[in-house]
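Shown below, as structure tokens, is a lone chain in the form predicted on its own; questions about how it binds or moves come after it.
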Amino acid sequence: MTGQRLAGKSAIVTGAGNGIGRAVSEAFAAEGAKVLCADIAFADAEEVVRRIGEAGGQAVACHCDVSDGASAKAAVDRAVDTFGALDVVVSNAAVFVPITPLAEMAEDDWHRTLAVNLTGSFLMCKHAIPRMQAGGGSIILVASQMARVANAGQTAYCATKGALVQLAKGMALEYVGDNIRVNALSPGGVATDRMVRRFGDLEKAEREWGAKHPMGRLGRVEEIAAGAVFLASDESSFMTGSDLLIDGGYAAW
């Protein structure tokens, strides 16, 4: 265990089984939070819980399809029933459909992108907010640098990430009176398994995608997780309706 910046807090992290979600879950637990690791890939969530337990943290795994309202509600209920409260929600689950120009995009890919990346956050927040209103808390919507800029062939993805930034702003204003803070967290390109699937290996991803960032490299999941810890902690108590951009300068081009 490395610290207690989140001591006494309980959290849900969606898309917790891999990449940024796994790093956030482990960082939260290391800082003293109790974490519900939610993922549609339940075995991956269980593995994260095992890793957290071995490091001395507290976590439980939960199967969750964020695009389904009943599944989202069940995850929220599980967190409250297990931990007694819900203080932090990190809505991180996302899908990445094949890169293709919009006119050639399959309608099913469009609908699936919106259902998971955008509606999934709506559903998690819809069910989490009533359970948070008594005690307040922090909601973090994981967006992207693609909320501010665009990339050819990823129009649907960019649209959902831009919408998440606005969703965070709207909810921030609606629930500020309940002491619920809502912020977006926007990573740049990050070295994850998704990069391996897209480029074939991380070395190629670093050469081709990392080089597009002014800092000349991809981000590390631990760097993004550090931003999530900040947004979840009382250190960001005067911050709501904002978008924390951790993108190696990508959006500054």
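Residues carry their position along the shown sequence, with the first being 1. On a predicted model such as this, the values are computed, not experimentally measured, just so you know.
This protein has a second form, the form predicted in complex with a small molecule, left out of what is shown; the following refers to that one.
A.B. asks: A29 versus the small molecule, in the predicted bound form: is there a non-hydrogen atom within 4.5 Å?
C.D. replies: Heavy-atom contact with the small molecule at 4.5 Å: absent for A29.
A.B. asks: Whether L231 contacts the small molecule in the predicted bound form should be assessed with a 4.5 Å heavy atom distance threshold; does it?
C.D. replies: The answer is no: L231 has no heavy atom within 4.5 Å of the small molecule.
A.B. asks: Decide whether R181 counts as a contact residue for the small molecule in the predicted bound form under a heavy atom distance cut-off of 4.5 Å.
C.D. replies: R181 lies outside the contact set for the small molecule.
A.B. asks: Flag S144 as yes or no: does it have a non-hydrogen atom within 4.5 angstroms of any non-hydrogen atom of the small molecule in the predicted bound form?
C.D. replies: Residue-level check for S144: yes, a contact with the small molecule.
A.B. asks: Run the contact test on L6, D77 and I129 with a 4.5 Å heavy atom cut-off to the small molecule in the predicted bound form and return yes or no.
C.D. replies: Not one of the three qualifies.
A.B. asks: Only one of R217, R194, K204, R51 has a non-hydrogen atom within 4.5 angstroms of the small molecule in the predicted bound form; which is it?
C.D. replies: When the small molecule is considered in the predicted bound form, the option within 4.5 Å is R194.
A.B. asks: Please pick, from A156, C125, V165, V95, the one residue with any non-hydrogen atom lying within 4.5 angstroms of the small molecule in the predicted bound form.
C.D. replies: By the 4.5 Å criterion, the partner-contacting residue is V95.
A.B. asks: Would you mind picking out the stretch of 132 to 140, 98 to 106, 157 to 165, 78 to 86 that comes within 4.5 angstroms of the small molecule in the predicted bound form, counting non-hydrogen atoms?
C.D. replies: Among the listed stretches, the partner-contacting one is 157 to 165.
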